[in-house]
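Okay, so here's just one chain, in structure tokens, the form predicted on its own.
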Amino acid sequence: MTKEKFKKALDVIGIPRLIVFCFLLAIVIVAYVNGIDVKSYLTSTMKYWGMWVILVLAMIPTIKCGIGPNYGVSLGIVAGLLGPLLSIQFNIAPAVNAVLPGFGPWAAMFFAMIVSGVLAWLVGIVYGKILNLVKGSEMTVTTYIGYSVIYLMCIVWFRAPFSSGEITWPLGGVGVRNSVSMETSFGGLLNDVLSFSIFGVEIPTGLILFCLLICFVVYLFFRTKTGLAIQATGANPTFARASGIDVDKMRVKGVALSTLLGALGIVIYTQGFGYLQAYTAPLQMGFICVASVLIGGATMNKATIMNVIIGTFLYQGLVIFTPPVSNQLLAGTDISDTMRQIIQNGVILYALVKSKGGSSNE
């Protein structure tokens, strides 16, 4: 390979992504050499990739419309938590199973997705209009809004008028527990569909196929007239406006779509995890999503579906493999959570370093 071809290939791959991949590969090799069950951790990586990929996909619309990574995806996540809670409150799964045995979990999941999606779209429209008022400071505002909404919802969740014993606190009879089991609703539904084992690694086929389907739908959307208008707005708002595109409207649509994907993403995350976590659990999710898409090769104004797929796998692989390797190398200590935090926050710091803040196109 000539020097020019090598340099071109390096530019395509990206040095940060190459470094992260090599680091992950080194960790996997060290784990294998030290007798760690690599297969089980690869299984976990595949599962968590599926749980996170739609949440990371929520970064694409705001990047394409010129706002940058959506640190305020927490709005979509909070809206997305309501759907699963209502599916439990209304006993969707047991009710449908009584009529159509076996279809209850599917009905509950799609009910949760529809409710969460509609609410998230409406919230996203308001959110997008707010961001139109603060052009140039979007990163700061989205971060503030994301944190504020989560803490505000802590109050709401504590006094929410749910009556299902699976949701409410055991003694008070109201509010939402810290963790709500999805066992009677749709917990683990997609993970088990068409799953198989290859060389000892369990592949959650249904989860992966569903996530890839959502990715494909988003890909097709950005080939439509509206999708192209959103991209034109992000690439050159002045030219887009001169071409008759309503720039502010396209930005709102991009933010609303991002919020919608955040809601769908947390529904899929919840079914994979098996528990719904309210209160401060979503606090760092926005940063994790931003870090994942950036180490996948995205920039502040350019992102692709492949950046999402690769970045999510790299990030989850690092977070899952680092703790057991660190404990094995430093026998007699228990620093797994410390190392996980170091790696996780290190990647988030990388994302923040790359974030210049706001839109630079206008």
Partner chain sequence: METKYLLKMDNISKEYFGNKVLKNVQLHVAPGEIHALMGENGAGKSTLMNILFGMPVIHNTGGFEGTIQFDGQTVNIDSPQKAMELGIGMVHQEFMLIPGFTVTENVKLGREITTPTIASGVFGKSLEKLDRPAMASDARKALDTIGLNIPETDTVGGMPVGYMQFIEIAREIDKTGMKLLIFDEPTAVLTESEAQKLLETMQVLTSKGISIIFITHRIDEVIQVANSMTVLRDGTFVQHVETKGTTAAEIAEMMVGRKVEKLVDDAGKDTRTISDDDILLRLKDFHVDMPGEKVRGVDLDIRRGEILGIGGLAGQGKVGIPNGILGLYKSTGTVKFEGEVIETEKLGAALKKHIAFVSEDRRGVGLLLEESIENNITFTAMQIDGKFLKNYGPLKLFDSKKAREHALDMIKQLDIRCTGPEQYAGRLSGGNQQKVCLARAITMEPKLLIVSEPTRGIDIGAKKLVLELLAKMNREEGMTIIMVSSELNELRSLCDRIAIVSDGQLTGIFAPDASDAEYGMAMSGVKGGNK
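This one's a predicted model, so the numbers in the text were calculated from it and none came from an experiment. Positions refer to the first chain, counted from 1.
Keep in mind that the form predicted together with the partner chain is missing from the display, and what follows is about it.
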Which of 86-94, 184-192, 231-239, 261-269 lies within 4.5 Å of the partner chain in the predicted complex, heavy atoms considered? The stretch 231-239
Within a 4.5 Å heavy atom cut-off, is residue 213 in contact with the partner chain in the predicted complex? no
Hey, in the predicted complex, does residue 203 get a heavy atom within 4.5 angstroms of the partner chain? no
Verify the contact flag for residue 244: yes if a non-hydrogen atom of it lies within 4.5 Å of a non-hydrogen atom of the partner chain in the predicted complex, no if not. yes
Can any non-hydrogen atom of residue 163 be found within 4.5 angstroms of the partner chain in the predicted complex? no
